[in-house]
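Only one chain is included here, represented as structure tokens and corresponding to the form predicted alone.
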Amino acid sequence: MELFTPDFGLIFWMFVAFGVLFFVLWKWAWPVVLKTVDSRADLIDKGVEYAQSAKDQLDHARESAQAVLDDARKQQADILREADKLKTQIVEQARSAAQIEAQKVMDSAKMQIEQQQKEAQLQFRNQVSEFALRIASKVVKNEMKDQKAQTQLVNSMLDEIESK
């Protein structure tokens, strides 16, 4: 039963040892523990603040990125609209240039055809005139064998020229 009921001396020395240990811990260990706990608490608070700041920056960065993406999409749509307008304009210009060029080619071809027709008509007239002159000279030679007929023909031609 002595185990359950300690003596007065034992209790006294246990209190003295406890007091000394408490004094040593209170004097030297407790401030170090409190300082460590406070620095750890400060470190945790700074980490929480840093995490909150990082979260705010991330949210801001997301908003900025979304704004940049929206702006880029808007610019892309504007560029595509402008490119479509430019494409339409280029096609229209090419079409009108092709029509103008085709008209020039057609006009040139018409002029060449007309010129060739005129040349062909002139050659035809020249040949007809030449044939007519040959025929006329043969007819005149046959009919104008005598001097009187020749003189009469010359006089009638001179009268025709004078009347014109």
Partner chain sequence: MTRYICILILSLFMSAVPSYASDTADGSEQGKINPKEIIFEHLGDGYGWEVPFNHHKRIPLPIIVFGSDGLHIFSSARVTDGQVYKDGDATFLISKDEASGNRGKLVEIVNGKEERPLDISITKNVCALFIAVIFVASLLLWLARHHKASGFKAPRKGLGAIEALVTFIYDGVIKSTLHDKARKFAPYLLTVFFFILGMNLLGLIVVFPGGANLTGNIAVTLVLAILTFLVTNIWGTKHYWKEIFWPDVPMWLKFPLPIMPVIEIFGMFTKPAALTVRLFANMMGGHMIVLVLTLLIFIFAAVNPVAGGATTVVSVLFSIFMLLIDVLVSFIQAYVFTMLSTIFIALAQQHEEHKKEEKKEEKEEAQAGQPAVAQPAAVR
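Numbering follows the first chain given and starts at 1. Take the two forms, find the largest set of C-alpha atoms that superpose within 1.5 Å, and that set is the rigid core. These numbers come from a predicted model, not from an experiment.
The protein also exists as the form predicted together with its partner chain; that form is not presented, and the subsequent description refers to it.
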| item | value |
| --- | --- |
| Candidate stretches 130-138, 111-119, 30-38, 91-99 - the one whose heavy atoms come within 4.5 Å of its partner chain in the model of the complex | 30-38 |
| Non-hydrogen atom contact Asp7 with its partner chain in the model of the complex at 4.5 angstroms | yes |
| Its partner chain contact at Trp26 in the model of the complex, heavy atom, 4.5 Å | yes |
| Ala149 within 4.5 Å of its partner chain in the model of the complex, heavy atoms | no |
| Ala17, heavy atom within 4.5 angstroms of its partner chain in the model of the complex | yes |
| Rigid core fit then Leu122 CA moved by 2 Å or more between the shown form and the other one | no |
